[in-house]
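Below you will find one chain, with nothing else, as structure tokens; this is the form predicted alone, and questions on how it binds or moves follow later.
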């Protein structure tokens, strides 16, 4: 089995998430080849075949031109799977490639399971296993679902070129709206999940965050319910964080949330359900009622 991995390069830098493609391929047990539109001085830590297109010529994103580059690499490698990150780049380019090759696309893969690939459904409340009928498919993988891997330092580089007169032109990046809190810089985050019960209980979580000298985070259900502002949301549709300490209060651990915080140095999860998925990534799982345990812990910290 062979995979063609499509790396990402943005604003002059190779994205760290590119290495998650190698983690996916490793779990799949597949041979790999890479395609990257980048600067030749910003190559990935990889020891296989790397098809490299000059970013100064091809641009950081040009859908028609980049599609041609992918199709060229596919013709040379004949991979079983063409794998993108589930990002704005992957969202736009993957279906173009799938349509050109007339093959299936499976989006937002969160795990490799017997019989196929696991993806979320029903707003991530359920999971299902899917498998392409054909021998070739285009895949996108959920950010944070697979570990980052490096396989070397010196890829075998083969340069690619392509020409395009497409109707779309990449103009640049627009800065996101400024948030009232930057969780990406916080060393301690205490996050509220649906398990806290109601909006009136958010101050209980905020008190613990204050006692620890940290910031308040939240899962998507809490934000969707209007209990906490979106700027505090952790996950793939919120902020990706890596604090020294992450305390998850009443959060079950949907893959979208885990992807946003699993790189934290130390994770404490407080949940009544000992089998909650977040326990798989937590360093410490406290099986307790959040509304009983958190106030007691806060009081203890305040008295230290």
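Positions refer to the first chain, counted from 1. Owing to the predicted nature of the structure, the values given are computational and were not obtained by experimental measurement. Whichever C-alpha set is largest while still superposing within 1.5 Å between the two forms counts as the rigid core.
Form predicted in complex with a small molecule: not shown, discussed below.
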Three-residue site 236, 271 and 289 fully in contact with the small molecule in the predicted complex at 4.5 Å by heavy atom: yes
Please identify the residue among 155, 120, 221, 144 with any heavy atom within 4.5 Å of the small molecule in the predicted complex. 221
Contacting member of 195, 79, 214, 90, with respect to the small molecule in the predicted complex [4.5 Å, heavy atom]: 195
Residue 257 near the small molecule in the predicted complex, any heavy atom under 4.5 Å? yes
If you check in the predicted complex, is residue 253 within 4.5 Å of the small molecule, heavy atoms only? yes
With the partner left out here, check for me: in the predicted complex, does some heavy atom of residue 53 sit within 4.5 Å of the small molecule? no
Any non-hydrogen atom of residue 276 within 4.5 angstroms of the small molecule in the predicted complex: yes
In terms of non-hydrogen atoms within 4.5 angstroms, which of the given stretches 23-31, 45-53, 236-244, 65-73 touches the small molecule in the predicted complex? 236-244
Per-residue C-alpha change between this form and the one not shown, residue 287, threshold 2 Å, rigid core fit: yes
C-alpha of residue 225 moved at least 2 Å between this form and the one not shown on rigid core: yes
Answer yes if the Cα of residue 52 shifts by 2 angstroms or more between this form and the one not shown on a rigid-core superposition, and no otherwise. no
